[in-house]
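First, one chain by itself: the form predicted alone, in C-alpha cells.
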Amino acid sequence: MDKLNVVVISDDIDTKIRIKNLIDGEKFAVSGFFEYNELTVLKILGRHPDVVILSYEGDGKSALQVAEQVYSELRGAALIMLAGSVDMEMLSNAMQRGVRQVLPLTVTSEELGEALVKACSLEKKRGFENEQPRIKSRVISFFSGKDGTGKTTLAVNTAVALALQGKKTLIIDADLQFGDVAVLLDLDPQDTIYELARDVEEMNIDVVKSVLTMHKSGLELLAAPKSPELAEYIHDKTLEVIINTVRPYYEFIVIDLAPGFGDISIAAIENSDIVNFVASVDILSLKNAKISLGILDALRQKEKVGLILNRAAQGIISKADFEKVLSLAPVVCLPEDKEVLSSINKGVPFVTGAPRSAAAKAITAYVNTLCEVQ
C-alpha cells in the first residue's frame, strides 16, 4: 500500500519539528513543510497531498484562509488542524472551511495517525464527476558547488531518458546567465523563462506552456534567458511560482541549477523532492562537496540529496574517499567516457546518440529506479 502524502503548514520551526516527529514514516510521507504566505496554496496544490496538516497560530486567520482555498480548489485533500488549545468557536470556524478534524498539539503519534487515515477516507468519498486523475509529480534538481562537473549534461540526459520512457517531463534551465540546456538539446527557443518573469501574478499552466520548446524525445524545455543581463529580472519567487504551477501537469520536472548557493538555487532546492549533487572525482570536488553538503544541512535540505559522481576514473582520489568523507553513497557513478564529449559537440544526448555507452547505461539504470517508485 502506498504511503499517504502529507504536507505540513506552520510558521513555527518547533511546531514543524514536533509534527514531523509525530508522523509515522512507515505509513505517511511528508512531501513538504511550508510557511503561511502568498504562495502557500499554490505549493499545496502542486504537491497534490492526501492530507494537509495546518497549524493554528496567532488569531488563526492564515490557517483558516488556506483551509478554505484548499478545500474548494483541491478535491481529495483532507484537512487536519492542530492547535495549542481547542474551543467551540475554533471548531466551528474550521469545520465551515472543510477541516475534517481539529486536534491539540499534545496529540500522540497514534492519535494523529488515526486522524489522518480517517480524514483521508472521508475526503475520498467526496465524489466529483469528470475529475482528472492526479499526476504524481517529482522535482529533481541537479546542483554543484563548482563549474566543470558535467552537471548540465547529466540533467539533460536524465530528462531525455525519462521522456523516452513515456514520462511527461519538463526540464527548466535555471542557470540563468549561462544556461546550456538548449545547446545540448540542439534547440533554438523563441521564448524563455524571461517572458514568464514579466507577469508572475497572472501565471498559469497555459501561460507557461506558451513559452516551452519541445524536443523530439517528447521532453519539454523552459529555456534560460538568451542574454546574461536578463537574469536580473528573474527572482526566486518567479521560480517558485513556475515550479508549483507546473507540478500538477508533469510526472518529472528536472531543474539544472547554476553552481553555488544563489537565491534562485536555494529556492529550487527547497521546492525539490530530490537534489542531485554532481561532483567530479578529484580532490577539489571532494573539498567543495564537503562544504556544500554542510550548507545544505544547515538549510535543512540534506535529506533530499543524492550524490552523483562523474568521470570516476582510477586515481589518487576514489569513490570510496567520497563515501568516507561525505558519509554518503553515490546514487549514480559514471565512468570517464569519450562518447559523452562527442555527444555534447553534436547536440545529441548520449542516451540516444550512444545508448550502449557506459554513461548512457548508468543514466538509464538511474531513470529506471525513478520510474519504479513513481
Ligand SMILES: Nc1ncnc2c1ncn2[C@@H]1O[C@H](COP(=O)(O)OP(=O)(O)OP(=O)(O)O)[C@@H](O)[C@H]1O
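Quick note: we count residues from 1 along the sequence shown, nothing fancier. Treat the numbers as computed from the prediction; the structure is a model and nothing was measured.
Just so you know, the form predicted in complex with this ligand exists too; it's not on screen, but the next bit is about it.
I need to confirm a contact call. Of V332, I44, V30, V340, which residue comes within 4.5 Å of this ligand in the model of the complex, counting heavy atoms only? If I apply the 4.5 Å criterion carefully, the residue I get is V340.
Heavy atom within 4.5 Å of this ligand in the model of the complex: which of T149, N244, S137, Q101? Partner contact (heavy atom, 4.5 Å) among the options: T149.
Decide if the three candidate residues G166, E251 and A365 all line this ligand in the model of the complex, where lining means a heavy atom within 4.5 Å. So, no: the whole triplet misses this ligand.
Touches this ligand in the model of the complex: E240 (any heavy atom, 4.5 Å): Result no; E240 lies far from this ligand in the model of the complex.
Just checking whether D175 would be counted as a contact of this ligand in the model of the complex - the rule being heavy atoms within 4.5 angstroms. D175: yes, in contact with this ligand in the model of the complex.
With heavy atoms only and a cut-off of 4.5 Å, decide whether I344 touches this ligand in the model of the complex. So I344 counts as contacting this ligand.
With a 4.5 Å heavy atom cut-off, would you call D321 a contact of this ligand in the model of the complex? No, no contact at 4.5 Å.
Only one of 139 to 147, 212 to 220, 71 to 79, 112 to 120 gets a heavy atom within 4.5 Å of this ligand in the model of the complex; which is it? Flagged stretch: 139 to 147.
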